[in-house]
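What follows is one chain in structure tokens, specifically the form predicted alone.
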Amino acid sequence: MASITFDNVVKNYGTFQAIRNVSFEIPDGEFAVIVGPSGSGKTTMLRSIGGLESISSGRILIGDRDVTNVAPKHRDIAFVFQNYALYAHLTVRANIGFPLKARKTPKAEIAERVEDVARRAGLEKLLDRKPAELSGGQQQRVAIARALVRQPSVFLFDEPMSNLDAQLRLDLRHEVLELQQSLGVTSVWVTHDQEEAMAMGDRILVVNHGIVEQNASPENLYSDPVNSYVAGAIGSPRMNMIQGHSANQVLTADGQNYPLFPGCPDGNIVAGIRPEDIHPVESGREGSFQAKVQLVELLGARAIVSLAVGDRRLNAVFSRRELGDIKELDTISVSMAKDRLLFFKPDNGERIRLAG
């Protein structure tokens, strides 16, 4: 097992800088998720760890070993890609055991390790089938099992569930987490899906334009984002961002007034509030304001409610009890949980920390 360290890593493609002087550490045994939109640099970072991309400057360490100029096959890593890359003419058993056969591992040891990893991955009844006889989820489990059987120091997953439907993604991510936890192998998972990142990661690296905006636990990213980019990238629905001018505990934005609280910053600011921290209240309650219900999306025990406040649209999440008989086109009173408000600078998105 091993930690992963980026030490001032830069990756250039001509004049384009895909990784911009990035440093971070993923401790031994953790499941880390790199999340960001297309083109943010997340896959380049993953491929750099695996040696599939050479870096322009800096160092990459696996454990205490500098692997910056080490070939992929000598880094003791295993990749799982978006496409399953299974050998169609081989059985599941042979696909899983292929890396061991390539290493000239004794047949008896191959058989034992294949049986063990197949059991862990729930594939023991499928070992004699060909890939064409398997579902997409089963094929991806075979690809993961093939990586597991190598017993590497590091697992690297490049959006391995992008081709699966929602329920299969949910089932498979549970299986992957159980396998990783039982093995304790340091793992890096790349995704553009922040819900997947929040559900899976011991830590999450939020990537934007080749830099890591924040590297923290899911809980810290959600409750204590360093800037408006991270705040908007984590959480579903996205955080509401209200840009305006604050004075005398009131934020004025687009002609509307939003009550704030003593000690909030004055001047031009962006106030951030998560949808789940907006609540319906009785009319006239102190700190409330009026909103018109534009859309109600029922999601079982909760509802996403789209609110119009003047020309601005805010998303709220109400419990079914809070929703009550509220319906579209109603005008209701709502309030924002003041202890959950975050503030950012409008020019660069930097978080404004309040005194005390």
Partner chain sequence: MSQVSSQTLADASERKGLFSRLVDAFPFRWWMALPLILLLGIFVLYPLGFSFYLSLTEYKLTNRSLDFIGFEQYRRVLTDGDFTESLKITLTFVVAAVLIELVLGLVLALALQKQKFARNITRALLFTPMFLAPVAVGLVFRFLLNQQLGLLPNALAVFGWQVDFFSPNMALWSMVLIDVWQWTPFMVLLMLSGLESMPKSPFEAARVDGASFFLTFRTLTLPMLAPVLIVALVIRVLESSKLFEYVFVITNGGPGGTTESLQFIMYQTGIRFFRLAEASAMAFVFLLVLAVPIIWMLRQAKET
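Positions refer to the first chain, counted from 1. Definition used throughout: the rigid core is the maximal C-alpha set that superposes within 1.5 Å between two forms. Note that this is a predicted model, so its numbers are computed, not measured.
This protein has a second form, the form predicted in complex with the partner chain, left out of what is shown; the following refers to that one.
Comparing 107 to 115, 159 to 167, 78 to 86, 199 to 207 against the partner chain in the model of the complex, the single stretch with non-hydrogen atoms within 4.5 angstroms of it is 78 to 86.
Interface membership of Leu298, defined by any non-hydrogen atom within 4.5 Å of the partner chain in the model of the complex, is ruled out. By the criterion of a heavy atom within 4.5 Å, Gly235 is excluded from the residues contacting the partner chain in the model of the complex.
Although the partner is absent from this view, Arg274 stays clear of the partner chain in the model of the complex, with no non-hydrogen atom inside 4.5 angstroms.
Using a 4.5 angstroms limit between non-hydrogen atoms, Arg141 is distant from the partner chain in the model of the complex. With respect to the partner chain in the model of the complex, the three residues Arg47, Arg103 and Arg146 uniformly fall within 4.5 angstroms at the level of their nearest heavy atom. Exactly one listed residue, out of Arg150, Arg93, Arg120, Arg173, brings a non-hydrogen atom to within 4.5 Å of the partner chain in the model of the complex: Arg150. Just one of Gly136, Pro259, Gly184, Pro72 comes within 4.5 Å of the partner chain in the model of the complex, counting any heavy atom, and that one is Pro72. Contacts of stretch 117 to 141 with the partner chain in the model of the complex, defined by any heavy atom lying within 4.5 Å, are made by none of its residues.
Shown in the overlay between the shown form and the other one, fitted on the rigid core, is a CA shift at Gly235 smaller than 2 Å.
After superposition on the rigid core, the Cα of Lys130 moves by 2 Å or more between the shown form and the other one.
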